[in-house]
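Below you will find one chain, with nothing else, as C-alpha cells; this is the form predicted on its own, and questions on how it binds or moves follow later.
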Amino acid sequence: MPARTRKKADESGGVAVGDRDPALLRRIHEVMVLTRAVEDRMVAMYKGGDLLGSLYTGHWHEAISVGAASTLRPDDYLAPIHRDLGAHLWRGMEPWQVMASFMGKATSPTGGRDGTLHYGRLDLGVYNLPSHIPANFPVATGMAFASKYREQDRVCLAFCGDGSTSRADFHESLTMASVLKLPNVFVIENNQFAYSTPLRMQSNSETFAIKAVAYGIPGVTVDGTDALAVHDAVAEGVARARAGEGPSIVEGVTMRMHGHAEHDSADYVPKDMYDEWSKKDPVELFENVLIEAGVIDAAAAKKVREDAKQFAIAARRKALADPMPEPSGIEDGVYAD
C-alpha cells in the first residue's frame, strides 16, 4: 500500500470531533495539558539546578505522544522516546517519578541508576528507552514477535525521531516486522531537525512515511500538532496490527520548540521558521477544538490548566524530598538470583 498524506475532515484546519467519546477527548486534553505543565516545571528545575544531568523535552510533541498512546489497550506495549512524556503519563507514570529519575532518586523507575530519561515501567507495559534512537525499534519488534508467538493479541507502539530513520536498526526492524507481519505500529516524530541537522540533509525522500513502500506496508503522514489526526492514523495502524495484517508507519510532522536538550540553544533554527511553528501549539489547538465543539467550556479548560500546574508543583516537591539510593544496594537488580 502506498504512503499517503491524511486529508483534513473540516474547514477549520483540523480533523473533526464528530461523534467521538467526549470522555476520551477530555482525557486526551487533560494529559496533553499535564504533559506541558510537567515539562515547563522541569525546565525551571533544570535552570534552577534541581536536576543532576541534562533535560530533554517534548514541547509541540504532545499531540503525537498522547494522541498515539490513547489508541492502545492497557495490555498493549509501548516503546517511547525522550520526547514522549505524554505517552508515559497516559499509561499511568507519575510525574514525580519522572522528575525523580532526572535527580537520580531511589524512587525513580531505575532506582537512581540513571539520571536522565532512560526510564520505563514494566508493570505499565512501558519499556525503558535505550540509547541511541531508534535502538527501541528492535526491542519493539521483539516484543511484537513475542506477542504473536504467544498468541497474546498485543500491539506494540514504538516511536522514533526523523533522524533515526537514517540508522540501520530502523531498516532492520521494519524489515523483520513487515516480513513476519508483526503487530507493530511505528511512529516517526518529524520535528524538522536531527539535533542540528535539517531535513534537507537527512533524507531525499518526499516524506518519511513514504519509506513504508520499501517494506510493503502502509505509511501515512499527518499533522503532528493535531491530536485527532494522530489518534485516527495510529488507531488505523493498531487495528491493522491487531487483525494480523502486520505493521505500519505513521509520520507526525511537528517542530522541536526547544533545543535537542536544554543545554542546546538551537540557534541553528531559522527565526522565521520558529515564529511560524510557534503559532501551532498543539495543546492550545486541541483545547480550542474541544471548546468550539462544546466538549468543554472556557472555565473547564482554565481549571484543567490550573490543576495541571498545581500537580506539577506538588510533583517537584515530592521528588525533591525523596531519598537518594543507598550505596549498599548497588548490585540490586544487576544479577539474577
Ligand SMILES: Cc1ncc(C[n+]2csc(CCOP(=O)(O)OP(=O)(O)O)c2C)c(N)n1
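Don't overthink the numbering: it's just position in the shown sequence, from 1. This structure is a prediction, so every number in the text was calculated from the model and none was measured.
This protein has a second form, the form predicted in complex with the named molecule, left out of what is shown; the following refers to that one.
Contact annotation: of the candidates H260, K211, K105, R91, the single residue with a non-hydrogen atom within 4.5 angstroms of the named molecule in the predicted bound form is H260. Put simply, of H132, R150, R73, R200 only one has a heavy atom within 4.5 Å of the named molecule in the predicted bound form, and it is H132.
Contact with the named molecule in the predicted bound form, defined as a heavy atom within 4.5 Å, is made by all three of G163, N191 and Y195. A residue is said to contact a partner when one of its heavy atoms sits within 4.5 Å of a partner heavy atom; K181 fails this definition for the named molecule in the predicted bound form, lying far away. Contact between R167 and the named molecule in the predicted bound form is found at the 4.5 Å heavy atom cutoff.
In the predicted bound form, the named molecule sits beyond 4.5 Å of every heavy atom of R240. Although the partner is absent here, H82 lies within 4.5 Å of the named molecule in the predicted bound form, judged by heavy atoms. Proximity to the named molecule in the predicted bound form, taken as heavy atoms within 4.5 Å, picks out 82 to 90 from the listed stretches 218 to 226, 82 to 90, 244 to 252, 171 to 179.
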